[in-house]
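A single chain, nothing else alongside it, follows as structure tokens in the form predicted alone.
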């Protein structure tokens, strides 16, 4: 297996999907060991930092990449398997930012109220206990929470020469902020341009579903992924597979349209896997789907439709690539 180590210099970060030149060309089957900066671009390092005075909107959510995948053509399927995620710092940061988050007015939801108070929180990591520490700003309350690393942002270049901010989730992936993007998951994306131009970033040391205040425990991340390619069969929206679940992420506004996208796409996937007519798949989905909310704060909201494999006869998606990638991942550990 080819292995590439890459840690970008600060001037190599990209802040869009599309519109950037690749940092390297890789062959399908390559393992990448990558370093990525946190979503704040390391601008918040203390609980005393005031987010509005520290954050530059032009330089949020820096991405590592993009990588040109040799042989990837529009319509193909790019598979990204997450082998390992580990914090690259001994602390992570979170914040409330004026007019950003799920429970405040935004540029799209206009209300007559002042901004909620802005503040920063620093979460110290206990590597031995594998926890991140929450400390209340008002009072003495402390809590050790499990360390659960995930990638907020994974995606490919959009179709049609479009360029989207790395803060945006869409059909190309991007800033989906789903806690399902964790070790052991395989993500499938439709290739839109030659080479796919895949990148990742926005490491989270943990995040609740919905990312309610708009920021997780944000942190620099060491990521090991395996990148592979299937000719043809590119899904319209990102699909995820773990040992236990099939999932589809829909991203739009309003949030019910995100849900509708993921539900319709899962009906199609059930039809493919089990040769079900659309209405039969719709009926089955109604009885077995879970719908974790990924985020309600980004430029689009992201919703996941999730199906437990244990409820259905055994099937292999994408030619059994997930199981193969899991075997390859174990050989690296």
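Not measured: the values here are computed from a predicted model. Positions refer to the first chain, counted from 1.
Keep in mind the form predicted in complex with another copy of the chain is missing from the figure; the text below concerns it.
Shown alone here, residue 282 lies within 4.5 Å of another copy of the chain in the predicted bound form, counting heavy atoms only.
Another copy of the chain is not drawn, but in the predicted bound form it has no heavy atom within 4.5 Å of residue 75. The closest heavy atom approach of residue 48 to another copy of the chain in the predicted bound form falls outside 4.5 Å.
Using a 4.5 Å cutoff between non-hydrogen atoms, residue 194 does not count as a contact of another copy of the chain in the predicted bound form.
Partner contact region in the predicted bound form: 258-266, out of 223-231, 241-249, 77-85, 258-266, criterion any non-hydrogen atom within 4.5 Å of another copy of the chain. Residues of 206-239 lying near another copy of the chain in the predicted bound form, listed in sequence order, are 206, 207, 208, 209, 210, 211, 212, 213, 215, 216, 217, 237, the criterion being any heavy atom within 4.5 Å.
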